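One chain is shown next in structure tokens, namely the form predicted on its own.
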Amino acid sequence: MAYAPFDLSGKVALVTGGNRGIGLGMAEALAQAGAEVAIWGRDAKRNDEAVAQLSKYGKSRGYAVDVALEQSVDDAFAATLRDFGRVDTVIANAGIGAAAPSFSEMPTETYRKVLSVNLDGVFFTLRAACRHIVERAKNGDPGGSLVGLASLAAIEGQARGQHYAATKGAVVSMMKAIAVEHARYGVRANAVLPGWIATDMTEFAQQSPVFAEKVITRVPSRRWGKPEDFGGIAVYLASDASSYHSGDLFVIDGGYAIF
């Protein structure tokens, strides 16, 4: 018999940026574990493709959402509640990167664009989630898991990525603050910090022989991470197995940060 706490039957999970990359890797694992899954993403076609992939495991629906826009988030969360009745787990994964030649030459427009998605988007999403979970708790149905996707950039120096690093460091701090304030409602909040993962965002680096030689050879696991490498942590954090685990940082990087 399987260890029952990892069974997500009867739970509803919401994954932002869940139509590709790490988000889709997490969403598919959640669906396989028995959860009903809501996918948020800006690209409706990609949402439909992700839902088709997940629907073979159970109920899944996609929503066209721009997490950088407060009203878009609030409207989508309300629609998700109408369709699923509740939300137990929210994974704020949607994020973008934007290259800059150097910190001193970084355009303010680029800085603000990254903040609007990676920080404002997480804030809007998790605020909506907390409103719902706190209301449920006050009505006698406490409990929920909130996950913020950060990055190794939150704990290491990233040249030419100060804008991106700032958002990810802020996500770590936000999750800790949510964990402390909302524990009384049965909420746990944690951050996941990916290392070098083969997704659309890192396509430029995947095509670089220099990057492969200088960086990936420093990963003790000797390979790029894959979206499916995040399925296990998603299921754990959504499950009752993590009921006393909150305010933590999960570094998933093949050992890169410690080498």
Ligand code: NDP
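Bear in mind that the values here come from a model prediction, so they are computed numbers and not experimental data. Residue numbers run from 1 along the displayed sequence.
A second form of this protein, the form predicted in complex with the ligand, is not displayed here; the remarks below concern that form.
Contact with the ligand in the predicted complex, judged as any non-hydrogen atom within 4.5 angstroms, is confined among 29 to 37, 213 to 221, 64 to 72, 51 to 59 to 64 to 72. At the 4.5 Å threshold, heavy atoms of Leu149 reach the ligand in the predicted complex. Of the heavy atoms in Gly95, some are within 4.5 Å of the ligand in the predicted complex. Mapping the unseen interface onto this chain, Gly195 counts among the residues with a heavy atom inside 4.5 Å of the ligand in the predicted complex. A residue is said to contact a partner when one of its heavy atoms sits within 4.5 Å of a partner heavy atom; Arg188 fails this definition for the ligand in the predicted complex, lying far away. Using a 4.5 Å heavy atom cutoff, none of Val12, Ala78 and Arg131 lies near the ligand in the predicted complex.
Although the ligand is not shown here, in the predicted complex the stretch 162 to 193 places heavy atoms of Tyr164, Lys168 within 4.5 Å of it, in sequence order.
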